[in-house]
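Next up is one chain by itself, shown in structure tokens, the form predicted on its own.
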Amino acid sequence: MIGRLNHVAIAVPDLEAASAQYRDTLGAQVGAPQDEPDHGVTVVFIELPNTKIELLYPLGEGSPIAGFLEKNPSGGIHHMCYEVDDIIAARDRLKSEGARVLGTGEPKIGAHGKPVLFLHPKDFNGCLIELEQV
């Protein structure tokens, strides 16, 4: 059901410093900051030959990333994103297997302009999973 790894998301306490580290220290191709108000984050994508890194920084009141950074002040891996061909079919199959879909269970439009859903980390070995329809 899942396809390739789309990205690994890392919550960061300083978006500029993290972007500079990937660009200047690691020599990666770093994109521009992109506000995603529906998700309460500002994101920066780092292009790698085989996948992407998504840097996450809180945006607005009640950002889920703010809570994550309170518990992890230095930042850390926040979630993994896998591609799926049909997000509704994937959701229905996962729910029938007992997986919990976060939020309303309906896809939202993600940072790539495509439908996304998140799966409860307790159902996946402590890892928050994002599914993105391709």
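A residue's number is simply how far along the shown sequence it sits, counting from 1. Since this is a predicted model, take the numbers as computed values, not measurements.
Keep in mind that the form predicted in complex with a further copy of the same chain is not shown, yet the notes after this line are about it.
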{"item": "Contact flag, residue 10 vs a further copy of the same chain in the model of the complex, heavy atom cut 4.5 Å", "value": "yes"}
{"item": "Residue 27 within 4.5 Å of a further copy of the same chain in the model of the complex, heavy atoms", "value": "yes"}
{"item": "In the model of the complex, residue 38 touching a further copy of the same chain (heavy atom, 4.5 Å)", "value": "no"}
{"item": "Residue 65 within 4.5 Å of a further copy of the same chain in the model of the complex, heavy atoms", "value": "no"}
{"item": "Contacting member of 88, 102, 109, 80, with respect to a further copy of the same chain in the model of the complex [4.5 Å, heavy atom]", "value": "80"}
{"item": "Residues in 30 to 58 close to a further copy of the same chain in the model of the complex, defined by a heavy atom within 4.5 Å, in order", "value": "48, 49, 50, 51, 53"}
